[in-house]
Every structure is written in C-alpha cells, then in structure tokens.
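Just one chain is shown here, as structure tokens, and it is the form predicted on its own.
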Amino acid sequence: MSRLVADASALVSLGIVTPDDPDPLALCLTRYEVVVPTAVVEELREIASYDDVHRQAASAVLDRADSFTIRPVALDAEFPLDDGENAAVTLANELDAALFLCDEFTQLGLIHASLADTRLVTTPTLLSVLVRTGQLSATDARSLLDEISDARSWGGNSYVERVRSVLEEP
C-alpha cells in the first residue's frame, strides 16, 4: 500500500463530497496509507469551527481520524507557506511518501519543488487516478469534481479544467 501524506486543503475537498456515493475520501483511505501531520489536524479543527460548507467537510474528515495516522513534525521556519502545508511537505519528505495530496493551486510550483522524491497530486488528479484504477467511473468523477469545484470556487481554474477534459468520455 502506497503512503500518501495529505494537506488540509485536499482533505477538505474530499470531505465536501463525503456524503456522496461513491465517497472518494473512503476510497483514498482504503487505497493508501494516509499520514497527516498534527498541524493539518489543527487546521481541520479550525476549519470545522467555521459556519460554512468547509466546516462540514473538515468535520467529516475529522470523524474518520481513526482511518489515518497523525504524526507530529517540526516546521521548517524558512518555508514560506502556512503551518499545515509546511508540516505536510516536511512529513512527506521525512517519510519518503509516494504521494503528497494538496490543493493549494497558487503554490503548486513551490510545493512541487520542495518535494524530494514524492509525487504531488491534487484532488482532481486523485479522482482521475481512481478512474484509471477502476475504483470510480468517469461519470462519477466528473460529478464529484463539479461539486467540489462549486464549493471550492475552482471555476475557471485551468488545472482543474485540464483534469476535467481528461475525464470526458472519448
């Protein structure tokens, strides 16, 4: 089972569609050994305190905390991202994780450059992987991506649109 380190942004994205069937968060937790830094759990708790759709998503992820491993990690004081992303990148490198799941689209270049041997994936990419591995239909993936995109205000995001085009029927 491949190890995947996740950031709060992607977990919230998956949590948005957790009530759906199929549930991509459940698929992720089944397919990968998911490891989350303590700083990300703290971010999820903070997000869960808000009064919006993200609250429900973060709460849904925290409700499944027994399905992933939570690890403390020292922050890199020089890393110019928030504590959760900082900790997640550091943890991915420390664990030599196969995948780093993050939806921080404005900082993908920096995050990608900070990962030693870990592949950066976003939620749209994870959905396409689940389609390629037969765990999710392309129709379901497009529907989930539409719902996540609406909640996360990803309209017009060229990265998301590129993945959406890959999910289109031939």
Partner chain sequence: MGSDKKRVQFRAPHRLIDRTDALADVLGEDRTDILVTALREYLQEATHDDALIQEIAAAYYDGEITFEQLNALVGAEEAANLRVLKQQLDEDFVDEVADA
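These numbers were taken from a predicted model, which means no experiment stands behind them. Numbering follows the first chain given and starts at 1.
The same protein also has a form predicted together with its partner chain, omitted here; what follows describes it.
Report the stretch among 140-148, 40-48, 64-72, 100-108 that approaches its partner chain in the predicted complex to within 4.5 Å, counting heavy atoms only. Stretch with heavy atoms near the partner: 100-108.
At 4.5 Å between heavy atoms, is residue 30 in contact with its partner chain in the predicted complex? Output for residue 30 is no: heavy atoms all beyond 4.5 Å of its partner chain.
I'd like to check something about residue 53: if you look in the predicted complex, is any of its heavy atoms closer than or equal to 4.5 Å to a heavy atom of its partner chain?
So residue 53 does not count as contacting its partner chain.
Decide whether residue 157 counts as a contact residue for its partner chain in the predicted complex under a heavy atom distance cut-off of 4.5 Å.
-> Yes - in the predicted complex, heavy atoms of residue 157 and its partner chain come within 4.5 Å of each other.
With the partner left out here, check for me: in the predicted complex, does some heavy atom of residue 167 sit within 4.5 Å of its partner chain? No.
| query | Is any part of 47-70 within 4.5 angstroms of its partner chain in the predicted complex by a non-hydrogen atom, and which residues would that be? | reply | Contacts from 47-70: none.
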